[in-house]
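Before any questions on binding or motion, here is one chain by itself as structure tokens, the form predicted on its own.
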Amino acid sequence: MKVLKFGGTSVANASNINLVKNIVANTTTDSLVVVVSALGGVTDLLLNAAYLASRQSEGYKSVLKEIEDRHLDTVKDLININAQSKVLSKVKSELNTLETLLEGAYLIGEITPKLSDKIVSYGELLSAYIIGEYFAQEGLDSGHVDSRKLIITDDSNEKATVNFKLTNANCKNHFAASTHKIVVMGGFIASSEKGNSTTLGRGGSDYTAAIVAAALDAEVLEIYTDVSGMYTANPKLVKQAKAIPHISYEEAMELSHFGAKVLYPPTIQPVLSKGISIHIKNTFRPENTGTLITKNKNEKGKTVRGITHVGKMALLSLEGPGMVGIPGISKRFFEVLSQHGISVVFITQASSEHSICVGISEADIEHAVEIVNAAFEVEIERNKIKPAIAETGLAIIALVGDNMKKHQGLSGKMFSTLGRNNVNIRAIAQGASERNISAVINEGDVKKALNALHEEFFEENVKQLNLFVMGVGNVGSKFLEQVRQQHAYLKEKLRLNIRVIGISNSRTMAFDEGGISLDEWESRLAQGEKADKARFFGTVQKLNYRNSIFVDNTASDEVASTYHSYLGNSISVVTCNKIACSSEFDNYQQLKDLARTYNAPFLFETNVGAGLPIIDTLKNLIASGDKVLKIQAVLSGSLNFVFNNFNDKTTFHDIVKRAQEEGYTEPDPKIDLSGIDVMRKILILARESGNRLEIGDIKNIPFLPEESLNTDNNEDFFASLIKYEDRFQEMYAKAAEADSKLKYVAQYENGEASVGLQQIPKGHDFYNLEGSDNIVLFYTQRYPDQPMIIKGAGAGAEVTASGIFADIIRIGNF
């Protein structure tokens, strides 16, 4: 004996019902019970029709017409035309009765639970009859039974309690006498001892199947749905979720209770005591393994088996000094909720007894506050207890697994993962069985929380980083190309899965929740919406992805001013834009504080030396207890390029123009040649050394004529360079005469910093600095005489992009 149950999506239409028939026909067993739900969506239509009728709205008639059309069309699609008359007659007769019930609700202007159960039962009554007739027509040895004749409950409605003694006897008697190999019956519906229609609660078809399986000592209960088993997380929210091949009754019960909708929570209870296995399978992919639910055979070492959640929850809290040490407070609190039919799904209480907090459905919260305040009216008036506190817009998220018991560090791992992603935890609960660790969070954080936890516990430490890139010009485009080239390597070797979710330039922006293909990002951006920095941030915030990183490849003040918003929402920032870190010290410090407070890395290695590990090395020196005494550096790759290529056979104008065209300078080369860029860099190094310094504190000795410094555009600037060529040639000649080279040097010592052009003699560490290279000398307490030297390419789009990439990898390895 086997029992097979098919849900609403499995019997939604004639095509799906044909798939069900094939599964039934290919099931090997002596006898078979097939439990079916209403045609997909019909139960909701019935409830809607009942509601409209009770509100005396004529709209119920159009809903009834839709219900009628669904069933009649299904009959016409499934049943041969020669046999349709009998089936259509029966279906129309039942629909006429349904119409009478709805007319009654319309006339009296109300719907009682008893009438509601009667109306809603027609979904299963009709589907079971039609499917049973179809099976028989297709040559299966099939019969049909009205479930209300077998499943007996008490007189309550909408979620009646089963009388197992009568039900078990009915099932055994009926199937012992049955002459058919296959019996089709509707799930969800039952009847009271008085013969009134009752229901077992939404999702009750699973429960019906389990009741019958237990009554008949079936060898297995197979539940067919539209997914291939119970998953490690909701696959609609977590794309990487995978089916769990084998799980225990207790684990399945916990997962279903906390929102795994593939299984109705009470289903397990009837089969548990008899050890009947439950097999959850996919109607549309019956060849898939699915999930087998049995006694605990959890693989050794498997701790967390699934992550699930319940949405639309609220917290109800009762607190006050009058609760401490007073017996019976908890009893009264839970008793009043129970008396009014309010189900409690989450409980936590402080050890001081000062407060009790419970999680209930958001739909019940207003009523719960009212009745609790009434129950404790005296204590509230005497200020012994505060009025009940309600919090809405919440969800419960839970880790589930039999082997979580006594496994150290799971709770810490769970909460630290949520904390890293700025998921605020409102309440925590863990049962003595340690099979479930639950936390209450904001409903808007559910998707991020599920994905972050799934990544932590199930994805073999493959960490997903979600990038939002602002600026895709010279540096930005090279960066995207590097990410594209290294994607497979990073995933295989470093366990990092980097996705670019959003990109923007100054004109347009584009987003893709599944990740933008880096083979076609330019066309996606060209077709994007108008660029807007506020809406860009708003989209990043709304998507609320775990491990989100904002990447700024611009030189924009306006973009730099948005870092506070990103960091304050636990979104990491990686930037080559020096403006923020060289702004007012208080702003710089606030950004660093936000990064620490919200656990969002703020990395700007490329602010100094492009891809060279200058800032990282400095941080490590300071962190290890060393102290910087002096910094000497050539920090401008563009200026080094200019003065390495400028001589008496070239013009200063031509060399600067070449540097701009080859990407060594900023779009406005005056930023480099005026010394502003180098001032920012030495300022950042001084600050990272632990010193409070402002840009105005740095002495700048300009080499450009004042007229050049005062130009407003590049055209005038380059014209001024031509005008003063003799002055530049004179500078070169003096250096050559002294057997020296011109280098633009930055220095910090004893709280003072300066930048300016210097003649560097032979033998100095700076003398042989070629091309666009940078060099930094760190004199510290550990390196007082022979400095620590960092030297290499300090300018160019490729190396700057690689520095940004390196910062992102650092975040991935945090």
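The shown structure was predicted, so the numbers you read here are calculated from the model rather than taken from an experiment. Quick note: we count residues from 1 along the sequence shown, nothing fancier.
The following text describes the form predicted together with aspartic acid, which does not appear among the structures shown.
Looking at residue 37, you'd find a heavy atom of it within 4.5 angstroms of aspartic acid in the predicted bound form. Proximity of residue 754 to aspartic acid in the predicted bound form falls outside the 4.5 Å heavy atom cutoff. In the predicted bound form, aspartic acid lies farther than 4.5 Å from every heavy atom of residue 637. Aspartic acid in the predicted bound form is not approached by residue 675, whose heavy atoms all lie more than 4.5 angstroms from it.
Contact with aspartic acid in the predicted bound form, defined as a heavy atom within 4.5 Å, holds for exactly one of 202, 487, 495, 564, namely 202. Residue in contact with aspartic acid in the predicted bound form (any heavy atom within 4.5 Å), chosen from 758, 747, 43, 780: 43. Heavy atoms within 4.5 Å of aspartic acid in the predicted bound form are found in one stretch of 726-734, 99-107, 681-689, 202-210, which is 202-210. Along 183-201, a non-hydrogen atom within 4.5 Å of aspartic acid in the predicted bound form is carried only by 188.
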